[in-house]
Structure formats: C-alpha cells, structure tokens
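We've got the same protein chain twice here, in two forms, each standing alone as structure tokens: structure 1 and structure 2.
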Structure 1
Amino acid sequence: MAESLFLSTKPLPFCPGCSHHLVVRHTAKALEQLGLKPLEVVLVTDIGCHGIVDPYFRTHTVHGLHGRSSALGAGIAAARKGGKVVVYLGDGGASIGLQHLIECARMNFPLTVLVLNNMLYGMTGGQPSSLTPCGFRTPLRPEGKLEPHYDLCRIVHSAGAEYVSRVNGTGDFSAALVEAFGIPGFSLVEVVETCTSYGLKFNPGQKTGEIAHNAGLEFGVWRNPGKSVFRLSLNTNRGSLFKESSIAVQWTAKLQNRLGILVGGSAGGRVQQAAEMLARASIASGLYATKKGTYPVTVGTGYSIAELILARQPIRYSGIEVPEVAVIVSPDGLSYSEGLLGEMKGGLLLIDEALNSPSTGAKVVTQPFVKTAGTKNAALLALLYLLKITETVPVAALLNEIKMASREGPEVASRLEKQLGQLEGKSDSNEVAKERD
C-alpha cells in the first residue's frame, strides 16, 4: 500500500475486492489534501467490518457499540475547538442509530459521517438492514427483500444537514470526501458498495450502480444553507470526579508495595465484574487500584482479560507489562495470555485444573474453580482464593463487594464463601506461606 501520513503500511484487513479499501484510502487522501495532521483527526467507528480498521489509522481512534459511533463522534466534536471528527458507520449501524444521525443533522454537530452501505450486515452473516434495497437478495432473504428501504440521504437532508452526498464505491471518490470534510457543520457521505462475501454471491452479475438505480437511490449532492454549529461550553469549575465517588476505607490490606494481576477468562464469565469488585475491595482496604479490560470487537464471544494494579502508592500508568500474579479460568483466557505467562520469571499462576499448565517461570497452583463455582463465578472464586493464600487484601472486603453488587449478592457471597472453604482443604499451606513471603 502507498505510504500515507494517516495509515500504517500494513495491508488493510478487508476481504479482497471490498470497497472498504477505497473508503479508507480516500479518507486518508482527502484528509491529507486538507492539510490536516493525523493527531488533529479523531476517527470513530463501531461494530461492523469497517470497525476492524482502527489500528491501521495513525489518528486518534474511538470504538463504540453498534450503531452508536455517530453519537460518540457528536460528543467528541462538540467539545473540540479544532481538528476534524470522522465517523464510520455501516448500513446496519445506520439502521440501528438512525435517530443519532437525524439529531446530528438537526443540531448541526461539526463532524462528517461516512456510511459504508454494502447493503447488508456483512460481519454477522449477510442479514438485510433497513437500507438494503427492496428486491436485493441476501442469505436470509434469498428470494429478495420484500420490505421497502430507507433513502438515508433524503432523510438526513430533510433533517437539516449542511451537506449530504451519495457516491458509488468504485473509482476515486476522494473529491466528495474533501468537500464533506470541509463543511463546518454536519455532513454525511453514503458510499454505496456491494459486499463481496454475500452481496455478489446472491446477486451475481449486478453492478453496484445498477442496483442503486433500480432502487431509486440516485447519486448526487444535497445541500442546506449553513447554520450555527453546535458546540458545548465546558464547565471548567467542576470538581474532581474522584472526590465525588469516594469509597470508604473499612479494611486493612497487608500489601506493602505494588501487585499486577492478570485475570483471563471468556465472555460471559463475569471476568470484568470480578476484577472491578477486587479493585473496589482493594480501595476499601486502603490501597490504590486500577483496572483495564480487554476483549474482542465482537463482544459476547471469545476472551475476556482484565488487568489489575493494586498499590500502596498512587498509580501513574494502568498497564501491566508482565504480571506478578495471573489467574486463568478458561481456554480463551489461557490462549490469549500464554505469551505473557511465558514471560513471567516468578510470581504466581492460579489456573483451573481442567487446563494445561503453560510454560512459565511462575509458581503454578491448580484448583477446580470452574467445577466448584461454575463458569459464571469461577473468576470470582479464583480471586477469593488468591486473597486467601496471599493475604494481600482481606477476603472479607471482596465478599462485602459481592454482597453489595446486586440483589442476589448476599446469596452469591455466601455460596462462594462455602466453596472457598472447599478449596482450602486442597491447598498446600506451606507453599502458600512461601508465596506470600
């Protein structure tokens, strides 16, 4: 790929022949023509094939939930005094977040939305969206979509957008992007494409322009007179949020320095909630704590990783290069963390007994966390066990957080406390004492 100020040199991650390649390259080309620098631009994406492009841009990037990228972009743009906010949205996301687009146009938020309309939900199997043309065939509707489609450009133009255009996603359409990016207020460009995985397969021989024409979706530009751009007046006199959400210290932690903990599990295993509860319990025990979550774009599947830092002193950076303690309760968590575990030259690895122990310099302790507490509470039980054998933070502090977390909290805490007792009989108290030292 040609060198660009805005893009990495790695090959883009899209299917061969997909027009998303052109959207990304023409975005970079247009931004360069406007004389912008990469860090003057914020790219906002959400769920969909377009959303996997974030790491390829050298701009600031923000990734949100499906259909919400325009709402996120609006908030960012309203608070910025300069630069450019560009939002990527698929036709599925535009269907889900249609109201956000209408409000962006009506309020005239200073951003540009590119709708990558490949006429279906490409990432999840080719389901039709509200923008899929009537008669267009998809895996879910091989006979052709029966319901009428939205004309997004007409809707957004009617809502007051300063600039709206629809282009064919072939050839060089960067000039349209230059024009849209140069609009002070809200602008939208709908790029009509055909998904190479599902659209071409179910609609063989049809050209993108022909499909759009048959659906009454003409290419062109629609304008409204310029009006005041919506911007926020930031309240700089507001107090610190840290002071507004203090956690009372009720316990005493024995940890004297700093401890980095990695928790690895799977989506649905409540890994993030378990880590947050331990962070709160640590603060309630007189420590500083940070927690960072990592999981795939396709939330709900795959690994779920939490990084915790507990410390006696303020924490200036929330990342962990190599953890002192790792807690692994699922194959997904193990697969994702195996490299880091291999870098551990000491410390402690707590791992579910059903998993194969990886190559690591850490002391390895196995316990039946999943068998004892089930997949949904295995991470919590493992963290309780960690506190029990290291005494870094009182077990009672974490049990208290579990009790307060929900209406079922007291019952869950009571059950986990009993299960923790079952594990105690299987631990080696001498080894535990060595580890704590």
Structure 2
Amino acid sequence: MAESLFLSTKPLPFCPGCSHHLVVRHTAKALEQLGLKPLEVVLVTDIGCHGIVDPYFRTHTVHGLHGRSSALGAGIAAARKGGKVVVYLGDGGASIGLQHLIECARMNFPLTVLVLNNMLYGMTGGQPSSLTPCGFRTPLRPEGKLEPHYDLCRIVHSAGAEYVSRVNGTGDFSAALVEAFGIPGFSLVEVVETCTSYGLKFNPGQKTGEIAHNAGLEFGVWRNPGKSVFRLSLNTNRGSLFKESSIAVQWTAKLQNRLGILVGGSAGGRVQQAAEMLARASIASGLYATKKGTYPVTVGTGYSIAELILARQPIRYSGIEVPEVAVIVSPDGLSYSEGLLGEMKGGLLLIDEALNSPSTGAKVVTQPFVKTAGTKNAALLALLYLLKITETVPVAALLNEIKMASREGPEVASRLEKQLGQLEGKSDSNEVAKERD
C-alpha cells in the first residue's frame, strides 16, 4: 500500500475485493488533496465492517453506536471551529439513523457523511437494509428482498443538504470526495458497493452499477443553495434566572398557623396563575407558601387543580392531606376534587353557585364567581373573596399581584375589585369563614 499522510502502512482489514478499500484510500487522498493535516480531521465510525478501520487512520478517531455516528459527528463538528469531521456509515446504519441524517441536513452541521452502501448488513450475516434494492438476494433473504427500498440521496437532499452525491464504489470517486469535503456545511456521499462475501455470491454476474440502475438509484449530484452553517456559539454572559424575582414584604398577613387551600377549576380558567398570585401575595404579606399544580396532559381541556399551603413557619411537605379551604369554580374541578371534599370534616368550601354542592363536612358558601367574573377570572375572584371573608392575607396584596402580572393587570385588578364589591352584599358567611382563621 502506498504511503499516506493519513493512513498507516498496514494492510486494511477488509475482505479481498471489497470496495471499502477504495473508500478509505480515496478518503485519505481527498483529505490530502485539500491540504488537511491528520490532527485536523476527526473520523467518526460506528458498527459495521467500516467501523474496524479506525486503527488505520492517523486522524482522531471516534467509534460509536450503530447508526448514530452522524449524530455523534454532528456534535463534534458543531463544537469545533475548523478542521474536518468525516463520518462513515453503512447502509444498515443509515437505515437505523435516518433521522440523524435528516437533522444533519436540516441544521447544516459542518460534516461529511460517507454512506458505504454495500446493500446489506454485513457483520450480522447479511440481512437486507432499508437501502437494499427490492429483489437483491442476501444470505438471510436468499429469495430476494421483497420490500421496497428508499432513495437516501433524495431524502437527504429534500431535507436541505448542500451537497449530495451517489457514486459507483468500483471506480475512482475521489473527486466527489474532494468536492464533498470542501462543502462548508453538510454533505453526503453514498458509495454503492456490492458486498464481496454476501452480495456477489448471492447475486452472481450482476454489476454494482446495473443493480443501482435497475433499482432507480442513479449516480449523480444533487445540490441545494448554500445556507448558514450550524456551529455552536457559547454566550457566557446570559443573565441570572434570579433577576427581578424577589418579593418584598409590603403587607401583614393575619394567618397565624397554616392553611391548605385547594383550588379546582378547568383548563383555560387560569387556576394555576391565580394560585401562584395568591402564593406571591402571601409571601408579600410575610408568610411562607407553596403552590403545586395537578392537571391532565391535555393543555386546553380538563381539570386544573392547584394546591396552596400558606404558613407562618417554613413549609417542608408541600402536599395537602385534607384541605382547610376548597375553592371550586368548574364542574371539572368539582369532579376531580369530590373525594377530597368528602374527607373535609370542617373548614370552608367556596363553590360557584351553578354547581351542585358535594357531600362534605366543610361549611359551604356559594357565590356566582363565574357569572360575575367569567370563566377566565372566576378562580381569581373566588380567591379574592376568600381573602375578603377570612382576612388571612390582605385583599390588597392579591390585587397588587394581579396588577403586576401583565400589561392588562391594572385593568383586570380594577374590574375584579368592583366585582368583589358586588359579591359582598350576597355573602352571609363572614362568620362561618372567620372560624377558619
């Protein structure tokens, strides 16, 4: 073997006549032709016959998982400022890791993938891959592959790769490699070969080029206009996540011990935001608070449950064993919470007047929260009402949080304050509620 800057002088480890020899030698030739030095190049391989070639390269070498070398190489390439990352992948590996190739093309990672398509999985006995042409015979499918194949080059090209080519692995395709390696972004070269051990034996007399042609796999080049190359950019001056989050104590809470509040509503009812605002208002009133949410995976429908703990002392356990107060503003919230409401031996249940009161040991107070504030603000109005009748936390503290929450906050707070006034006359439960405090 001729002396190469990139290769050791040892004979390559492939079967006699295997086109992998040519892939390796043309790779070295093309890299030399581009003036690259071995330590400027990272070769990434994975599982398959091509993957045993690492020790023969004088480049950096990384030997990864079957089908994943293009994703691994993408990470290496994106983090480097220069040099060249070359990935070897078999047709089996390309089938396993098709997603990674599409991502490489979409993101335009700066690397070149060589797909050594010998039309079967060689190391595992010769089963067909997704690239194996229909009808091609292998040891594990001697009757011929029955299922269709796909055209990898066209898939990767349609995903946005700058340069894609398919070459016949029996000739000198080093010029195609020079061109591919010179692409600043992502390039892929599919080298069509016939496995000498399994392919030739089971498909005697068939030439590689004919097999490709009959399968509709034309040799050629497909290009897309150059686009921005993805390289990882580190910004070490990102601001702290803690800025603007400190809550100043501006009010005084009357709550002396600990209050567990369950808020039950529906998605879209701003239950979680309302509960978070009350938690913040409580902190602004000198208390400790926790707020947790429970909801199904659906975003726009179903129940939305918030659990709040307000306490004079630091809180450890953030669950509510049985709530002291429950605030229910929707059928979803009622349905989810009915069991827990049944466990309440005392305490207070605030429930929208349109809902049927459940069986509970809590004192029940009904108010037209939804009718007065609409579904989006019913939970907030109910919590304001709770503060009004229990005086655990000042109403002003929650109104302030509502004001601060968004650009529309002042208007919402003003409207809710008026609506809260409308509810006052209807309340006959002040004495009941105050028992809780």
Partner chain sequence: MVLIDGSRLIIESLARAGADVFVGYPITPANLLYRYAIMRFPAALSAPDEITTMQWLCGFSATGLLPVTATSFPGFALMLESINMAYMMELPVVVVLAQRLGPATGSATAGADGDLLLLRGTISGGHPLPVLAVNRLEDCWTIPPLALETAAMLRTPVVILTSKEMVMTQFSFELEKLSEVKPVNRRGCSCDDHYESYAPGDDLVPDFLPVGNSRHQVRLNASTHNRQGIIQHLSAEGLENTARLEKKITLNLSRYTRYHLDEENGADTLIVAWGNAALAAEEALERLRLRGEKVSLLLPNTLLPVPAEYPAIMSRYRRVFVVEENLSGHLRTVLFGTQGRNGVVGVNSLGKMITPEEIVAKVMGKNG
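Everything quoted here is computed from the prediction, not taken from an experiment. Think of the rigid core as the biggest set of C-alphas that the two forms share within 1.5 Å after superposition. Residues are numbered by position in structure 1's sequence, first residue being 1.
For this session: Sort out for me whether 1 or 2 is the form predicted in complex with the partner chain.
Result: Structure 2 is the one predicted in complex with the partner chain.
Problem set entry | Rigid-core frame, C-alpha of residue 162, shift of 2 angstroms or more between structures 1 and 2 | Shift of 2 Å or more: no.
For this session: Determine, after fitting the two forms on their core, whether residue 314 shows a C-alpha shift of 2 Å or more between structures 1 and 2.
Result: It does shift by 2 Å or more.
Exercise. If you line up the core, does residue 291 shift 2 angstroms or more at its C-alpha between structures 1 and 2?
Worked result: After core superposition, the displacement of the residue 291 C-alpha between structures 1 and 2 reaches the 2 Å mark, so yes.
For this session: State the core-superposed CA shift for residue 273 between structures 1 and 2, in Å to one decimal.
Result: On core superposition, this C-alpha lies 46.1 Å from its counterpart.
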